[in-house]
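Only one chain is shown below, in structure tokens, and it's the form predicted on its own.
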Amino acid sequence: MIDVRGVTRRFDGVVALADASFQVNPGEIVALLGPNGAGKTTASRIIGGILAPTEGDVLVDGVSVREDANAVRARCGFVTDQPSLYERMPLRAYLAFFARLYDVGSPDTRAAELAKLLGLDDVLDRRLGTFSRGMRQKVAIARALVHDPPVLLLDEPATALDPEMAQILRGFIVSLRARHRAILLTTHDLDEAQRIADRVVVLYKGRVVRIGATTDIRSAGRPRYAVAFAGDIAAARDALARAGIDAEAAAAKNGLAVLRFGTDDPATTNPAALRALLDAGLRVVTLSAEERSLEDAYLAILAEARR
């Protein structure tokens, strides 16, 4: 549905995007991650037909952004973190106006459908200037969906939303995936990406440095384990050190001390850790693998890219 093919974009000699390639399939949410200045917004704007690539091409629903940017724009819905609304217009008139721009049949009916879908049907006749931050973001999503596009480009859609509203928005985005839309989510909120993204694309200085399924990105790297026990933590660290295991203290859990360590050979290291702790007279309660967060994985990818 979205096929980015070797895209480069320069601004006055500065390379904002360098030979970037990735895809977003129908019924998939892909999170586009990277630090400020990595090229995320540039990539989204090129995909949406707002910027032209200097080199390369993007196909959206089979249409080339180079050959027909207008047709690409008609296939995309774009939502930003700071939506600009016509604040003096009531919601009904606002959505109907954009429906007419896209030649949508029965624009008033479409406006009512979208308002109901987003839980705004009770404020259809209120002016947008009276809407809260969360309501305004819903309006921006409704506007993006007014022509029923197959592709959604979401640029920090949950910025400044309270936790409850952000959760509602996440649920709505997931429901759109179920309707077979291709969704590109640009975000700094790694918890949000971990919750809803199927795959991750990481940009650094305009280059794609990692692409993979969210679960694969998180599971890559050196396995880490946590051991919870009753006893003195200093004695436990000394016992593990004598067994050649470098452990670090973690937050206590359920009244138990916790140590963490990494290993490339858990089949050998973990039994050795248990023996060392038991021989030191410590009562081990659990030894379990730690699931790496997307944030940890992302920071490791960036550290590798900076070398």
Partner chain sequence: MKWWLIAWREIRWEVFLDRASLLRTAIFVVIPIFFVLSNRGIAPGASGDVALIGLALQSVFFPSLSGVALIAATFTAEKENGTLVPLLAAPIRDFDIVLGKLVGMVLPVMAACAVTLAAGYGLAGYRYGYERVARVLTPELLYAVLVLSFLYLVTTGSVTMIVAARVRSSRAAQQIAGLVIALSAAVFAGLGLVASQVGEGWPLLALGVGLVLFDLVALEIARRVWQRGEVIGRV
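None of these values were measured; they are calculated from a predicted model. Positions refer to the first chain, counted from 1.
Beyond what is shown, the protein has a form predicted together with the partner chain; the following relates to that form.
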In contact with the partner chain in the model of the complex (heavy atoms, 4.5 Å), from 228-236, 202-210, 110-118, 75-83, is stretch 75-83
Interface residue in the model of the complex among P90, P223, P150, G134, criterion: non-hydrogen atom within 4.5 angstroms of the partner chain = P90
Among the candidates R177, R127, R218, R170, the residue which, in the model of the complex, approaches the partner chain to within 4.5 Å (heavy atoms) = R127
Site check K253, R275 and S288: each within 4.5 Å of the partner chain in the model of the complex by heavy atom = no
V65 within 4.5 Å of the partner chain in the model of the complex, heavy atoms | no
With heavy atoms only and a cut-off of 4.5 Å, decide whether L51 touches the partner chain in the model of the complex.
-> yes
Using 4.5 Å between non-hydrogen atoms, is D191 touching the partner chain in the model of the complex?
-> no
Answer with yes or no whether T268 is in contact with the partner chain in the model of the complex, where contact means some heavy atom within 4.5 Å.
-> no
Using a 4.5 Å cut-off on heavy atoms, what residues in 97-112 are near the partner chain in the model of the complex?
-> F97, F98, R100, L101, Y102, D103
